[in-house]
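Given as structure tokens, the chain that follows is alone and in the form predicted alone.
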């Protein structure tokens, strides 16, 4: 046993690899009123997450080497957990894709969402796929989104979001991306997969599938209750789609669970449907939701670790992460499977201070989060003095 400055008693709880959330939007720089790397990383630590991979749709967007370097400096000064970055693709930044280094993936928005990073031209998409080793896709068909937006433009309720971004909108984009990828050799990582249609298309294909907690635990029927607080891209789906996602987890067709943590202020969400932004926070509640399912007998703890630690590390080639073993970084999460607590907006660390799961009673919570051997979260408190490190990526090998 090696000498240690401090011994932490886990008190009969479980110790698992620190979670890797491969899909967060910490809004920094440019939208710090919604979230920043300090508040977002504190929320991550409270949720048992030791590494986050941040998306590029900030202001300015992370689509140049210069913008990425600025974001690196911001994260290094603020983040209490480890961090890495996805790099944004546009219609005209192919030269930047050749110069950028140490990124998780190239992020492509095939459908419009927060920010202005839309790539709706198949020729540009082909060239991006030709240069990238791995692309993370927001797979929604922009022409179909435009069509249904015009069709339903007189509707004023948030429920219409599910009709504008239908299952077909996602399926068409997935099918097109798979066709282009076949001729380029790029690896595809499909973010926030939400429908049975997508899973059917992706079955047996050379691609990775991510699902989110909000698509696993909420359905389109929740829209009448949540209103714009349930508005996200892609939207909430049917019970049939939810069941397909859970079955995908069971049979191994789903490779990761990530949050798509996309905070907006309460005031922004209270605007009318057409002006309220899409997105919900989630980095703080993912693990408790999953542990509650472990306690309910619907999910094994081994599967949780596989989907939230092991697989993200393997897929994106994150060095020394995802496992508890000699030679790997001491990123650890201690969980109490017996702890019962309600999700409470007032207790959240995220700056937006709301959750679509507010009031949910869950059994199983992280009690301690250790980042690089340092206790960052313990008994409800976050150590803001500690700064996480940028993760390093190795070449992604064939899986």
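This is a predicted model, so every value here is computed, not measured. Residue numbers count along the first chain shown, from 1.
The same protein also exists as the form predicted together with a small molecule; that form is not shown, yet it is the one meant from here on.
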* To do: Choose one stretch from 352 to 360, 23 to 31, 62 to 70, 36 to 44: the one whose residues place a heavy atom within 4.5 angstroms of the small molecule in the model of the complex.
  => 23 to 31
* Asked: 105, 129 and 177: each with a heavy atom within 4.5 Å of the small molecule in the model of the complex?
  -> no
* Structure fact -> in the model of the complex, the residue from 109, 85, 316, 189 with a non-hydrogen atom within 4.5 Å of the small molecule is 109
* Just one of 138, 255, 321, 237 has a heavy atom within 4.5 angstroms of the small molecule in the model of the complex, so which one? -> 138
* Classify residue 279 as contacting or not contacting the small molecule in the model of the complex by the rule of any non-hydrogen atom within 4.5 angstroms, answering yes or no. => yes
* **residue 57: touches the small molecule in the model of the complex, heavy atom cutoff 4.5 angstroms** => yes
* To do: Please check if residue 260 has a heavy atom lying within 4.5 Å of any heavy atom of the small molecule in the model of the complex.
  => yes
* Is there a heavy atom of residue 232 no more than 4.5 Å from a heavy atom of the small molecule in the model of the complex? -> yes
